[in-house]
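There is one chain below, alone, in structure tokens, taken in the form predicted on its own.
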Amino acid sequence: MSDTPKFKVTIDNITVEVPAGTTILNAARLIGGDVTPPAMCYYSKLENSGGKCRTCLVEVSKGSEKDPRPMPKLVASCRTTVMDGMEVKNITSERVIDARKGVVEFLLINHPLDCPVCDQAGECDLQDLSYEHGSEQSRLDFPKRTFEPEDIGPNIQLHMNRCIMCYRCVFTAEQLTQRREHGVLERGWDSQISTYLNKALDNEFIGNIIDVCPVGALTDKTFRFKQRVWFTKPMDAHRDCPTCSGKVRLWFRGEEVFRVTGRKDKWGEVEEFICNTCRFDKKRASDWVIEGPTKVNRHSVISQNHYRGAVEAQKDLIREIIGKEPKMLLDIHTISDVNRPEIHLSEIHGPSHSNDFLPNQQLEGQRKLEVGKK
């Protein structure tokens, strides 16, 4: 048995017992749900990560049983260890909610509004954070910092405009590959992630910096602009790889594999790092042993194709509220009248083709006929 003492800590009125030395953030993760503070820079598998983004700030209303005095300032939960009898407020503290809103505003100061063209959209931590705690407008009076996209490897492109300086990619390169070829240049407002003398990042595990990036600053050049994540279906798979574990997540659209990533846990952290060969070179389903569909959180946009049953169950209630048939909430392909009658677009495997739609002349004739009936 371990001799490590156990401490009881109460977070948002929920008590949990954890080993001494556990951080408040990891104690909150044992409870789960909204009690867990968000984290943009902390990564449990990377040493020295955390303490930079300040999104995980919490209020310690009671220090411990021996010293019950509250901590005067909000503390970073990823860096603060628990004490026996400690009481912490996260979502139950107005100070925390207000501070988190301010932190998100700072993170968005230089971040561009390019979610519609960003490959990270739909699985972006900053997008989720700004939706929950962000402000509707920016108070920055100065121009945003802008950088040109930079190829920092044969398969990786850097968009510094989107970077929030979380340092995850730097720690990953330094600790996983033992070859630190990129880092933070300059200081303060001029700080940026880049390579020295435009050196390319080409070592075998460097592709993992794409997985650890919480925003769209580091993108996979083999996947860029090819597909939206909510149109793909994730499948867990593995192969006998001599370099890494070979356990990956394949993202399918129809029969085609659009990208390969590491498997992530419920906190968005990679379970096992994978090599570049698995990530960039094995893009055929025949290269892998398919284990089955990935379990997707029902709140994720990736599960958006499974909402129709819930809508159908609420049709009567919706009809009663709005006073008419809720067509806008039905499958658009059944009421759009732009596809051929024998073709159901929602059942097509892969992107739709122009042949799946009615010719423009026929559509125009239908519209004139409808106008004449009215």
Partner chain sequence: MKLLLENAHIEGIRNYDIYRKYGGYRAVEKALKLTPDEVVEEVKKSGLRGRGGAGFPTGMKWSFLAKPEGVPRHLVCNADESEPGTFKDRYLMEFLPHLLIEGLIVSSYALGSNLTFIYIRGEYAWIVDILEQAIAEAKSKGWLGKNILGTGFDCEIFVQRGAGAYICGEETALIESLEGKRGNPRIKPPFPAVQGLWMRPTVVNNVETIAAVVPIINLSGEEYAKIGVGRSTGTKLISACGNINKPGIYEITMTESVEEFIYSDEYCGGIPKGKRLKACIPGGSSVPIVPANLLFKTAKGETRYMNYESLSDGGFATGTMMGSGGFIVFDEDQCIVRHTWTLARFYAHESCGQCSPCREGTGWMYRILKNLEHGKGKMSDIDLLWDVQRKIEGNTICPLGDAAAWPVAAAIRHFRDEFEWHITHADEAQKRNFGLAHYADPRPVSAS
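Numbering follows the first chain given and starts at 1. Computed from a predicted structure; not experimentally measured.
Beyond the structure shown, there is the form predicted in complex with its partner chain, which is absent from this document and is the topic of what follows.
Judged against its partner chain in the predicted complex with a 4.5 angstroms heavy atom cut-off, the residues 106, 141 and 191 are in contact without exception. Just one listed stretch, out of 223 to 231, 162 to 170, 283 to 291, 200 to 208, contacts its partner chain in the predicted complex at the 4.5 Å heavy atom level, and that stretch is 162 to 170. Of the listed positions (264, 145, 239, 253), a single one reaches within 4.5 angstroms of its partner chain by any non-hydrogen atom in the predicted complex, namely 145. Just one of 74, 244, 129, 215 comes within 4.5 Å of its partner chain in the predicted complex, counting any heavy atom, and that one is 74.
Residue 115 falls outside the set of residues with a heavy atom inside 4.5 Å of its partner chain in the predicted complex. Of the heavy atoms in residue 99, some are within 4.5 Å of its partner chain in the predicted complex. Its partner chain in the predicted complex comes within 4.5 Å of a heavy atom belonging to residue 51. Mapping the unseen interface onto this chain, residue 35 falls outside it, with no heavy atom inside 4.5 Å of its partner chain in the predicted complex.
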